[in-house]
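Below you will find one chain, with nothing else, as structure tokens; this is the form predicted alone, and questions on how it binds or moves follow later.
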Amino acid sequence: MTKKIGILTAGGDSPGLNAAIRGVGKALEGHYGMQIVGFRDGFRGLVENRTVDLGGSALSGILTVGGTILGTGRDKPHKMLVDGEVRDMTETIIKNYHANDLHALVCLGGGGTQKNALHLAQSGLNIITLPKTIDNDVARTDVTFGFDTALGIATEAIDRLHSTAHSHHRIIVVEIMGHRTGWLALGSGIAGGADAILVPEIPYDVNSVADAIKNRVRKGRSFSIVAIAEGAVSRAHADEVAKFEQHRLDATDKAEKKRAKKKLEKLRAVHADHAINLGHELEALTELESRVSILGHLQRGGTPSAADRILASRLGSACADFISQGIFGVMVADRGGQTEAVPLDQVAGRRKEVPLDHPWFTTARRVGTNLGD
């Protein structure tokens, strides 16, 4: 009997997802003689049993296409909004998994998807995942597919902003994706020659950034580019968040915990405009005109780079190999240029931050880039 494998994409869209779907599907069907079926819109599609046959020519022509032909969503199997209320839909997923006679389910996604996949693996299903995110923050893999494409897009944006910054003698603050890690902002900032790079790993002092800009002016350089990750925070903000986080943990009274939680929510809401606020602060401190450019979802779109196509295809093909060997409950990782099956419990709930001794930080400092510290 031909084995049937399910596949879905979850979380945010990312360049290389279609290449990964193709890599998994073609290897399973062409090399191992298995059948592949897709589920639309992430885990919700599995709950609602919305399938699409990926056999035959269904995977032709998708290698170079951005996004995902399956659609995606951020639903959690155990916390899904159904008919106006949040429900645990794990049992429904298990039921549909068996109703479709699946031998295994492949989940493509980032950190949240790895946690959801572990939950399903612990519920008794044969699960295997691939690491996808432009943030490059999934643990236990050297790189995630989608990162290289986004890195190129962000770098090109910084390149283009140089001309207007130079022409108008301005500070250009460019916000780059990365809620919790600075891989994208740091890499594109170095590649694009940003004068200051601010990332979540290093809380910044706005006066340090302003001093660096004024020093450039004294040297006859009347413009500056500041690359800032969306998750970067000032030292003052980081200290305040840490204070209320600790207060919430230490509080024994429910009302006190609730007050601390509300304060944290307000701090996070204020942080949503941090790039714009930084622009105003730098303008006031340097007396230079400032403009803010927020790249947003532009970084996720478009045709995947050659590197991402190769990585996604390689991980997808290796995924098929592991399925044929009966290896489940793992993420297919890129490790030292080779593929490796990493147990999901070593991935889920963990985040790969940029180490402070990483060569990229060293490089940035050596070429005179201000890191806000």
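Since we're looking at a predicted model, the values are computed, not measured. Start at 1 with the first residue shown and count on from there.
Same protein, other form: the form predicted together with a small molecule, not shown, and the subject of what follows.
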Find out whether any non-hydrogen atom of residue 149 is located within 4.5 angstroms of the small molecule in the predicted complex, and reply yes or no.
no
Using a 4.5 angstroms cut-off on non-hydrogen atoms, would residue 178 count as touching the small molecule in the predicted complex?
yes
Using a 4.5 Å heavy atom cut-off, state whether residue 257 contacts the small molecule in the predicted complex.
no
Quick one: is residue 262 in contact with the small molecule in the predicted complex, heavy atoms, 4.5 Å cut-off?
no
Counting only non-hydrogen atoms, the one stretch of 98-106, 75-83, 151-159, 133-141 within 4.5 angstroms of the small molecule in the predicted complex is 133-141
Picking from 268, 166, 280, 297, the single residue whose non-hydrogen atoms come within 4.5 angstroms of the small molecule in the predicted complex is 297
